[in-house]
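A single chain, nothing else alongside it, follows as structure tokens in the form predicted alone.
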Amino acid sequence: MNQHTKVCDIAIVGGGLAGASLAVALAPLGYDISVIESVAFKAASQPSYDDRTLALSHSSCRILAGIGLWDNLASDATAIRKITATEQNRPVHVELDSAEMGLTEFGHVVEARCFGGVVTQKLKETKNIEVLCPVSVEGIDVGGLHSKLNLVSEDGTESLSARLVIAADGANSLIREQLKIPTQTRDYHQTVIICNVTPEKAHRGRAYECLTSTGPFAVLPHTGTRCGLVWTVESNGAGQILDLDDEEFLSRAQDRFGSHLGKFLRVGKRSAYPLKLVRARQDTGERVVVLGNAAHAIHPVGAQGFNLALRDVASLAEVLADGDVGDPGAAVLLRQYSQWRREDQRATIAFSDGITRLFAHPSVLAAGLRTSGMIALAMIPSLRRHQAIKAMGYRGKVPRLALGERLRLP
């Protein structure tokens, strides 16, 4: 087999949603960037660019605009103008209206496949980004002025030397594992089933989330007359629901959702993903940053996972843009990034994990806490506003890109 060594400034392992977005964000800083992805982007098994609906927060849309992706996404994006939150079999409901906060929307919904097409095209068009795909990483050596990745492709093996390696290779991160970075894990014993449905009535930009003991049941506004359906179930019953014919699936979904949008008329392809918490105990190492699901794979309640990753992307890009040391892997910069992101990551993970466990708990005390919380949100406008601001990604130190500002470029 042939073997030789390539050199770059920044190597991003994982070309999914977070990794590709980071490459685009860092490109204007002038670094030579390599993106390593093991699965061909057009392959049916490519996990990031499928039919899932992505609920992008207000700050995430600003970040995507700041890195030059939003203009090509906007035509296929659907604004979330109102949100209705309920608890199953309880009368209390919470109404969030973006107009109440002086906004036109809380965020937008886009299809992951559409996002993938836009960001992949941007990678191809950007001269200082090289995409190595399909290429697998089989090992990493860190230390000194560079880290070295051992790559394998159909053409043979080679080494890639980089001043900074970004591990954006998912919840089962090889890089994180090889560096022996400890993780906190929790299996929720829940599986999320995702598909598109067409309801009888127009959604008018309203999103619905019903919190249940087996996780959220959400209906999100989508392009045209479609909605994205997110149905969380106990894992041991997920196969049965996936195997239902379309008519029975729609009937059961209707029973769970009610008649808010009339009758569900059609359903698209269904996909399922088991849910667990995976949190890296540290998100930086020597010339390494762990990012996206590799750093924090969280429960989809509140749709915070990818939005948290985009805030990580924006923060890392800002740290590297403002750094004056000339080395993207310098320890002082990675330490600054990690300290910055600690509060937002901790609070977002605590929220998604806490809500999931609270609504799954069968005790009377937990039920009382849930109901009290929902009543408080329903009755106190200032509390609703506070929660909405945090859900939109504005907590702690906010990256400039999330505020609609530009990075400082060389």
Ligand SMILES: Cc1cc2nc3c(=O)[nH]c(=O)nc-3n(C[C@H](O)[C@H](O)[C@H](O)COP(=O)(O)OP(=O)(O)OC[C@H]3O[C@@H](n4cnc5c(N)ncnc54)[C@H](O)[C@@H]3O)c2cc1C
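Values in this document were obtained by computation on a predicted structure and should not be read as measured data. The first residue of the sequence shown is number 1, and the count goes up from there.
What comes next is about the form predicted together with the ligand, which is not displayed.
Looking at residue 106, you'd find every heavy atom of it more than 4.5 angstroms from the ligand in the model of the complex. Taking non-hydrogen atoms only, residue 111 never approaches the ligand to within 4.5 angstroms in the model of the complex. When contacts are judged by a 4.5 Å heavy atom cut-off, residue 319 does not count as touching the ligand in the model of the complex. Among residues of the shown chain, residue 52 is one whose heavy atoms approach the ligand to within 4.5 Å in the model of the complex. Segments offered: 167-175, 141-149, 201-209, 331-339. Contacting the ligand in the model of the complex at heavy atom distances within 4.5 Å is 167-175. For the residues 391, 17, 401, 24, the 4.5 Å heavy atom test against the ligand in the model of the complex is passed only by 17. Taking 304, 98, 86, 183 one by one, only a single residue has any non-hydrogen atom within 4.5 Å of the ligand in the model of the complex, and it is 304. Looking at 22-38, the residues that come within 4.5 Å of the ligand in the model of the complex, counting any heavy atom, are 36, 37, 38.
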